[in-house]
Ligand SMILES: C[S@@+](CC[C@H](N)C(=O)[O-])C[C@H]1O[C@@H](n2cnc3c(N)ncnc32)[C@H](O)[C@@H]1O
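The data below hold one chain only, encoded as structure tokens and taken in the form predicted alone.
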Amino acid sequence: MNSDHLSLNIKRYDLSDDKSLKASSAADELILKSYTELNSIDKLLAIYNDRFGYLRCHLNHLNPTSIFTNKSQLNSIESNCKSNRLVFNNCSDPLTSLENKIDLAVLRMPKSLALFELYLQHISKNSTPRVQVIVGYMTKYFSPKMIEIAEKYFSTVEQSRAVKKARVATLSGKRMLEKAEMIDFLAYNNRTYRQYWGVFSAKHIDYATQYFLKHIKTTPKDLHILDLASGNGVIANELLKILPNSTFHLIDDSFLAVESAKLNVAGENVHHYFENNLSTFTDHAFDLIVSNPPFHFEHEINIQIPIQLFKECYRCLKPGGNLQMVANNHLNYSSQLKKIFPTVETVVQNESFVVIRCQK
């Protein structure tokens, strides 16, 4: 790593007011150290799961390809490159083939093991036979399943010693595997929903969403509807059965979620957006906004992101329009929503979840 890179200033772009949270971890630092020790400066490089761009900025002189899964991640990488006066180009998603075969990949271990496997499959399909993969992770998040998945794709998996409670696993000896379908199938209400590996709640439709669907209230006047944090599209699809002539807009920060929703919800009156805010939409655009908003981001909880989205919802709702959402009880969203909306009511609540309706 060049000494010039030590002065890089990498920031978090996630609205968090927790000063203890950093834009990188000891795992990121160990990935860079391991990369340097490989003496791989002449190898074609791809970077996976680089949340805020720490790895991209430090390795930018190698002209790597950044593989993104979230719009917020892509925006953060681009912003950190710009603030450090670095040129940002060469980015892709894990469903698209790379133009050139890579010789080396560095990967920050995601929370989702399914997403980890999707990354490894993408690396396997878009690499030379001699490819090496450096996977960095914090030891407290280690699972033996990580090694099991890695050994499915690579014959050699070597783990380092722990440094600052972080380790790297170096993968080599790519196995030649048959192409696998990267889709999970979830049954709900006499319909099978499809979603790509790594999308939230892979084994069943999320229980909070199921609870919400039983209590959403619609009227024939709900002609323009936004499904915020739409996931695989199940909420919009169920409402589409009730309001077939309404226009539906589905938006999610996750590229894989958006692409999954496209598999499940389609039509001339259905529109999909890969975005992490509502700046695409004009004031007073919607009669109804429905949401099971995110609050987990990898291993962190951050309610500042959904709160900012609630403020944007108020702007985008027509006068008299309403936001209906489901949330875990412990998040206590009602106190925050009352600062934004004049009318906030609890529709129904059980031991785990609460359904809230806010009217503009």
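On a predicted model such as this, the values are computed, not experimentally measured, just so you know. Residue numbers here begin at 1 and follow the sequence given.
In what follows, reference is made to the form predicted in complex with this ligand, a form of this protein that is not presented.
Using a 4.5 angstroms heavy atom cutoff to this ligand in the predicted complex, none of Ser34, Ile67 and Glu117 count as contacting. Interface residue among Phe88, Phe281, Phe154, Phe200 relative to this ligand in the predicted complex, by the heavy atom within 4.5 Å criterion: Phe200. In terms of contact with this ligand in the predicted complex, the residue from Ala229, Val168, Leu226, Met109 that brings a heavy atom within 4.5 Å is Ala229. Among residues of the shown chain, Asn49 is not one whose heavy atoms approach this ligand to within 4.5 Å in the predicted complex. Residue contact with this ligand in the predicted complex: Asn60 places no heavy atom within 4.5 Å of it. Residue contact check for Asn80: none of its heavy atoms lie within 4.5 Å of this ligand in the predicted complex.
Contact check for Glu259: every heavy atom lies farther than 4.5 Å from this ligand in the predicted complex. Just one listed stretch, out of 124-132, 139-147, 246-254, 159-167, contacts this ligand in the predicted complex at the 4.5 Å heavy atom level, and that stretch is 246-254. Residue Leu309 is the only one in 308-330 with at least one heavy atom within 4.5 Å of this ligand in the predicted complex.
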